[in-house]
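So this first bit is one chain, no partners, the form predicted on its own, shown in structure tokens.
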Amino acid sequence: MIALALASILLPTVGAALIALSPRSASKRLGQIFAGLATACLLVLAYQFSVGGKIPAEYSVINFGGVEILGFGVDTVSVLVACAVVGIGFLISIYSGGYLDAGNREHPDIVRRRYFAFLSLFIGAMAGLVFSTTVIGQLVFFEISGVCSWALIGYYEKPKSLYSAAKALIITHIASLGLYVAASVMFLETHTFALSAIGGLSETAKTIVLLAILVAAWGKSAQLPFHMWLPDAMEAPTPVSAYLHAASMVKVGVYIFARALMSSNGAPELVGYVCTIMATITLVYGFIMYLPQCDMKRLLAYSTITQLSYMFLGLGLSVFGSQMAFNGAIAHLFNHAFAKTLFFLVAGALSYTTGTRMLPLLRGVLSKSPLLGIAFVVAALAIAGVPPFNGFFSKFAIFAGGFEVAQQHPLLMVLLVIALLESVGSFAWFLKWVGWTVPGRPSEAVAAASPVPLSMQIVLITLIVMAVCSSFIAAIWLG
């Protein structure tokens, strides 16, 4: 199993090197092949892990002076998350093959090698971070993903996109100092960088380490006060926005904090209060900010900030003893990856075919393109948390676990009521845009839309299916 986990890291990395050395015409196929091979490895790993009783396994790769520097491990959470981030990376590679061409009405383009090279390297870095068992390993892959995001956000090389890329790199790098602090404190206390050592720290040291990791997590997941980079990052090609800013990069913060809590053997309540309070403040801020947005991608960016806040809310609630809230946060990470990727790729398909992603200009999508109309509705309902779509089940688990522990902690009850009100408001706002965009007579931009390439259609259909099925997969897997 460890060999398959390592293969999912190395194959995209090798693919990135080959793409950089290959002719431009071969870059698209190489990117898709290596992403597909990595996905196949993880599906086999998931099967073997499941039939083997889901017994965790670890393997030390680099040791120095008796100190483990880099190690990899598989467990229930890492396998589930890895399948999502690498599998969606494969879908994005397929979608990008159709999106990046001269027929794109918003951004006519030819496929450049660096796009698929950095995308492939990013997939490998995400797999490496998910399977890392040391803070140093997380930090290394954390920084690699930051460099890849910088290159991909600035892909179009316009002044605004280059500025946005630099902004994302600088802000997330500043936040990553939290991981440096965590690694330093852990080594001084335990003489190891292994995440498993968090549980053996003193109460004070454990609080410092967990809060430091939480700061790094806020930066990567665009939470207050590090949120400002994400809306500007929408200057990236839409498949990049879908992968980095819906399925993978922004999930890094949630994941590293979740792993720290899993290793903590009980986190101090102070950590839980800081996490839940900041999550609630951020989700309210995100909701307020996406109300005036007319650019579909910026709307989805602020929506992503709020959905990430729900994940942090679930993790914070788990500190007070709710395993259901923790499982709900992990399931929401998994479910949201598919639903929000679908929504971003719908935005990409609309801009590809109509030349705009401004919502007021898009009406009657269903009559012109039934697939895009259906995908828009499914994505909106899944994000809003409407059954039977995936967002409902994971958010329900977060709220159910939260209300259970809130009976002993009145402040948590207040935070949960605020979050519940935001959820209702979010549903109403997305329903408004569904009613405006999907039914009716096509607007001028929609009426003149060009056909959606087959590769993009295949990915959209796959994600529509996953917007229903992923919640059941997560529930069965997490038990």
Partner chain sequence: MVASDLPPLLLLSPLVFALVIFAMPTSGRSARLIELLHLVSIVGTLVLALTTVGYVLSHGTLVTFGDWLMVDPLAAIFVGLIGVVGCLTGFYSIGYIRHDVAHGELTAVKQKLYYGFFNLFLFTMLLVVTANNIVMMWVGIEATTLGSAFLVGIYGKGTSLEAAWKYLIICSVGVAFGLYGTVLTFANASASIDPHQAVLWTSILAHAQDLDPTLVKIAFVFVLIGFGTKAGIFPMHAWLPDAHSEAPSPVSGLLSGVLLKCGLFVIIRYYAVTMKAIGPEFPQSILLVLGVLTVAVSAFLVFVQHDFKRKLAYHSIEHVGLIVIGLGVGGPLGIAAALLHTINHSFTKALLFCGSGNVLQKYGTRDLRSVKGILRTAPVTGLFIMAGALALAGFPPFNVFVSEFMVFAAGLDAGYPKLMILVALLFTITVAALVDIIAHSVLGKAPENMEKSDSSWLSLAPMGVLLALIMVFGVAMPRPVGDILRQATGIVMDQGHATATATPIEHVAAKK
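Just so it is clear, the structure is predicted and the values come from calculations on it, not from any experiment. Residue numbers count along the first chain shown, from 1.
Absent from the display: the form predicted together with its partner chain. The rest refers to it.
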Task: Stretch in contact in the predicted complex with its partner chain, which is absent here, among 141-149, 98-106, 245-253, 300-308 (heavy atoms within 4.5 Å) - done: 141-149
TODO: Spell out, yes or no, whether the shortest heavy atom distance between residue 114 and its partner chain in the predicted complex is within 4.5 Å.
DONE: yes
Task: Exercise: residue 76 in contact with its partner chain in the predicted complex, heavy atom 4.5 Å - done: no
- [ ] Would you check, heavy atoms only and a 4.5 Å threshold, whether residue 376 touches its partner chain in the predicted complex?
- [x] no
Open item on the list: Please determine whether residue 173 contacts its partner chain in the predicted complex, using a 4.5 Å cut-off between heavy atoms.
Closed with: yes
Task: Contact assignment for its partner chain in the predicted complex, among 110, 358, 188, 400, heavy atom within 4.5 Å - done: 188
Open item on the list: Quick check on this chain: which one of 418, 67, 452, 43 has a heavy atom within 4.5 Å of its partner chain in the predicted complex?
Closed with: 67
TODO: Would you mind checking 118-138 for residues with a heavy atom within 4.5 Å of its partner chain in the predicted complex?
DONE: 118, 136
